[in-house]
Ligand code: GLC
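Presented as structure tokens, the chain that follows is alone, the form predicted on its own.
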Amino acid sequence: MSKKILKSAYQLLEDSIIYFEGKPIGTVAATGFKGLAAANYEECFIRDFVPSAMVFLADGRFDIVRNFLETVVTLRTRERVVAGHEIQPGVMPASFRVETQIDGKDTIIADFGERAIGRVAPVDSMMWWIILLYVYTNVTGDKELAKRKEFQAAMTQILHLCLKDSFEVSPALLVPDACSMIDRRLGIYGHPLEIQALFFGILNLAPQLLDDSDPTVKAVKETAYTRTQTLRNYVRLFYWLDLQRLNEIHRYRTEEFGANSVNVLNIYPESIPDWLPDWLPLDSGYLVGNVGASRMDFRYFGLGNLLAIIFNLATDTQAHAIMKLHEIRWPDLVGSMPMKICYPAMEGLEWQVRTGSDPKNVPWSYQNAGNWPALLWYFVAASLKSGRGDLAERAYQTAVDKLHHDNWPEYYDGRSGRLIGRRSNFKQVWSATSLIMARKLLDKPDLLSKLPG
């Protein structure tokens, strides 16, 4: 039965491939365009393409990944002015589509955020592009692509942009709400974990791909190395939460001043949510969603924690504790469909204020604690890397029959993810490719060596 399901997933992947001038250059977000939740699901999203690319690379279909990388690096230079201001060099589009003009010629149209919900430019796209370029190089052994002038320029500009001087003292990267996988307002402005994990990833990977014969590039690489060390230490210390750390925060003194402060970020004990003390098990923990001045977002965010394990941003001890948390709180964090994008949901007045009463992000739906099959392969990779193959297999078996039966939904609703998302697309490509990639990792764990970390 599993072979039949994987064959169906592969067929969906094949049906999703888009072409430009006869060459495959990516995959659309969802097929069967009638009734899509949004018109841009007909487009190729940079982050959504990552699991598709992983499957193609694992199957030896290198051309489509190479074409995708070349397409995106070309698009970044096409449109520099949006809404009266210039887009910073290095910013890459959230998505692109192929349009046939009146004269019959195809053209590629990119979205830098000017057509997105909330009109926010993506921060994660440029990071995923570097990560995918690294994996492509690692799998194929093709080092010449990254050495091309336009690729070197793109990576250098991305690092320049992310390492740019600012008013920040924190080594974490400051970004707006809706700039990542959570692309709607959800109170993640500031220093969200997902972005810090991706930032840490490119700080490690880009210098490995850059030619430092140029003194300017060499200086950028040295800055990236220093930032990597400080960011790693910062996240491991200030984002980490276990019962011991929670007790420390509970007893914090506030308004401390000077170099000897214990409560460095001035976190108020009163900000600890009511649900947390009885929910956080002994001998487990996780990286909180966001940290800043007098702010700790205690919510659990799935992708950020999993990427922290995969990229070695979390320590080995922290990685094991995160997986232990999933094991103990399986109904909450994994449920009927792996897995929660965040936990718990914002409800009531908090939902109204922090989401702007977003009708799509109602409690326990979509990005407000919905369950996303696209996170399955990240969970499997993190589980295997932490020595918890039992959890990886358990998650896969939870998803495999249901995903196929439900026609590959985008997301699921409810506290345990038992309901197909109210506005979920069917035939969602990264739901299918995540299942394929999860199975590949389970069958061949040595594929983990091809991933960053």
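Numbers for residues come from their place in the sequence shown, where the first is 1. Given the structure is predicted, the values throughout are model-derived calculations rather than measurements.
FYI, the form predicted in complex with this ligand isn't displayed, but the following is about it.
K.L.:
Taking heavy atoms and a 4.5 Å cut-off, does residue 377 contact this ligand in the predicted complex?
P.N.:
No, residue 377 stays farther than 4.5 Å from this ligand in the predicted complex.
K.L.:
So, in the predicted complex, is residue 372 in contact with this ligand at a 4.5 angstroms heavy atom limit?
P.N.:
Contact with this ligand, yes.
K.L.:
Tell me, yes or no, whether residue 385 is in contact with this ligand in the predicted complex, where a contact means a heavy atom of each within 4.5 Å.
P.N.:
Because no heavy atom of residue 385 falls inside 4.5 Å of this ligand in the predicted complex, the answer is no.
K.L.:
Taking any heavy atom pair closer than or equal to 4.5 Å as contact, tell me whether residue 29 reaches this ligand in the predicted complex.
P.N.:
Yes.
K.L.:
Consider the chain as shown here, without its partner, and state which of 367, 125, 290, 196 has a heavy atom within 4.5 Å of this ligand in the predicted complex.
P.N.:
Only one listed residue qualifies here, and that residue is 367.
K.L.:
Please tell me which of 297, 327, 183, 358 lies within 4.5 Å of this ligand in the predicted complex, judged by heavy atoms.
P.N.:
Contact check passes for 183.
K.L.:
Considering this ligand in the predicted complex, find the one stretch among 57-65, 388-396, 416-424, 41-49 with heavy atoms no farther than 4.5 Å from it.
P.N.:
Contact-bearing stretch, as computed: 41-49.
K.L.:
Could you pull out the residues of 408-434 that have any heavy atom within 4.5 Å of this ligand in the predicted complex?
P.N.:
Read in sequence order, the residues that approach this ligand (within 4.5 Å, in the predicted complex) are 410, 428, 430.
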